[in-house]
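Listed next as structure tokens is one chain, alone, in the form predicted alone.
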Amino acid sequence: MACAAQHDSKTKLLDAALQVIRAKGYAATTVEDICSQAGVTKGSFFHHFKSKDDLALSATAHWEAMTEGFFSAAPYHEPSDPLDRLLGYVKFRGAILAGELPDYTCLLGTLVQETYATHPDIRAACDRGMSRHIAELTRDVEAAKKLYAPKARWSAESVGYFIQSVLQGSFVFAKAKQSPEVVRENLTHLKRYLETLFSHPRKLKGANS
């Protein structure tokens, strides 16, 4: 029972870190903030983590595990056509823009903006996490390229990075505007761009949507 309680308190701290860091930013987040959000003591915190930086590294792994499961179960994987899967991914990202800013913005993007020059271990962890997600997208981009744009000179990986750049940049503006509307509009433009990038017979379908 004691081991289960310890595991539960660690998970609470990790979940709290995801929420608080996305809400306040890494520099402004304190150990006290995370403990308060998690409903645990500082003693419990330091039982599991050496420092806030140590927690941040564990939080990136926790985020990856959660988001990997979330995205792997998403409905955009169902179509057999890779371009439909790719466009479905963009649609799905729009569908999950719900709740408050910390509910739909990216922990890794938030962390890396603040830590890239001062915390190399955290920066590297964020890079690995974002790159893994891009690699998942790149497989569908590559498959769609072979079907619809085999002679195109751009790389599938570059399109994967572009998709994520649109999302991460949009999250920055969502924070500035305190609204997800800019993300929705940018996703609409991204969908149009992807439809024109591939020589696809249905590319004009829903072009004004």
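Treat the numbers as computed from the prediction; the structure is a model and nothing was measured. Note that residue numbering follows the sequence shown and begins at 1.
The discussion below concerns the form predicted in complex with another copy of the chain, not included here.
Of the stretches 150 to 158, 53 to 61, 38 to 46, 66 to 74, only 150 to 158 has residues with a heavy atom within 4.5 Å of another copy of the chain in the predicted complex. Contact check for Leu197: a heavy atom falls within 4.5 Å of another copy of the chain in the predicted complex. Contact annotation for Leu101: at least one heavy atom lies within 4.5 Å of another copy of the chain in the predicted complex. Contact annotation for Pro82: none of its heavy atoms lies within 4.5 Å of another copy of the chain in the predicted complex. Taking the partner from the other structure, another copy of the chain in the predicted complex has a heavy atom within 4.5 Å of a heavy atom of Val166. Scanning 111 to 138 for heavy atoms within 4.5 Å of another copy of the chain in the predicted complex gives Val112, Gln113, Glu114, Tyr116, Ala117, Thr118, Arg123, Asp127, Met130, Ser131, Ile134 in sequence order.
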